[in-house]
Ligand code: ADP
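To begin, one chain is listed below as structure tokens, in the form predicted alone.
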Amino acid sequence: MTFKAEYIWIDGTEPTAKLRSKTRVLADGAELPIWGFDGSSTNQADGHSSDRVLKPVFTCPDPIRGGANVLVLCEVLDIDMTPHSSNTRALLTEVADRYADQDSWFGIEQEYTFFKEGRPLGFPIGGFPAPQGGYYCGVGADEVFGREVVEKHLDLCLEAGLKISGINAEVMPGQWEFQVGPAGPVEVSDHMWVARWLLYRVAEDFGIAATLDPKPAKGDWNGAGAHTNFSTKAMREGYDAIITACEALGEGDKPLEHVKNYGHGIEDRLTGHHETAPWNKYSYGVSDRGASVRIPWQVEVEKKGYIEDRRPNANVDPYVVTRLIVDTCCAALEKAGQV
């Protein structure tokens, strides 16, 4: 007997990496081996030296094929078994290990937009729908588009054992969100990449494309983000640590360092309008969706909890955003003795 292992990896396409995958048939009971691929076809190698290595790092049941079949998320290595330059997961694990004692948790809100025949799902041919607003968490065929894909995706993520925690329709037709977490930085990122792969894959079956474009419709429409919720043990126990983390994200060149790594096209989305702060101005505030970082109102009331970095684009690499937030905030909390 055999089973199918779908090897999934992040390629080297710039400015925004793509997901790739291929299938390996293995004998029942076999361990998942390292595998190779043509890096010259994924922007990860030159043709004269094209071999790259896939190293399994996270495995879950394959909810599409069912049975004993599995999804296998992989890191990309060079042939000397060192991380490839596109391997952002390896950089995250170093930082996550360094600050593991602070017990960081993340929840990432992944917005995305369905497209069909070159336009957002629900947009009429040659025109525009009614202004945004009524679509958010809406119900009814005149306001919600693509729900059958969204529900199927949710079911598949749950069957795969991913830490998906919710879904909702967003403010533009064909725009949706799912949330992954709470989980540690590496786990939430692994689960997010596999959830993205499942989204693209299930949308295939409906003849629909899903995009993480941060500004999928120009004009007076919200962009698509990946709001990133973060806490440490100290933040979940006291308010001083909350303020320390918020201040740390705004110190020196940290705002620019974060924003330039929060997804391509961020200037188009972070305009200061449509529930965003300007990309080049850092701010934080309680219950303020126009701030760079929001402190939820109940966190101020309870004097403990988490913060929401509202700057990351929908197309952000979760390995990068979690690494930057852990590195910046945990270093500041350690320096302040708030661990």
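Numbering starts at 1 and follows the sequence shown. Just so you know, these numbers come straight off a predicted model, no measurement behind them.
Keep in mind that the form predicted in complex with the named molecule is not shown, yet the notes after this line are about it.
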| property | result |
| --- | --- |
| One residue of Gly107, Pro255, Pro185, Gly122 in contact with the named molecule, assessed in the model of the complex (non-hydrogen atom, 4.5 angstroms) | Gly107 |
| Listed residue (Thr88, Thr244, Asn222, Ser231) with a non-hydrogen atom within 4.5 angstroms of the named molecule in the model of the complex | Ser231 |
| Contact test in the model of the complex: Pro216 vs the named molecule, heavy atoms, 4.5 Å | no |
| Proximity of Tyr306 to the named molecule in the model of the complex, heavy atoms at 4.5 Å | yes |
| The named molecule contact at Arg294 in the model of the complex, heavy atom, 4.5 Å | yes |
| His273, heavy atom within 4.5 angstroms of the named molecule in the model of the complex | no |
| Stretch in contact in the model of the complex with the named molecule, which is absent here, among 223-231, 195-203, 76-84, 245-253 (heavy atoms within 4.5 Å) | 223-231 |
| Partner contacts for 234-270, taking the named molecule in the model of the complex and a 4.5 Å heavy atom cut-off | Arg236 |
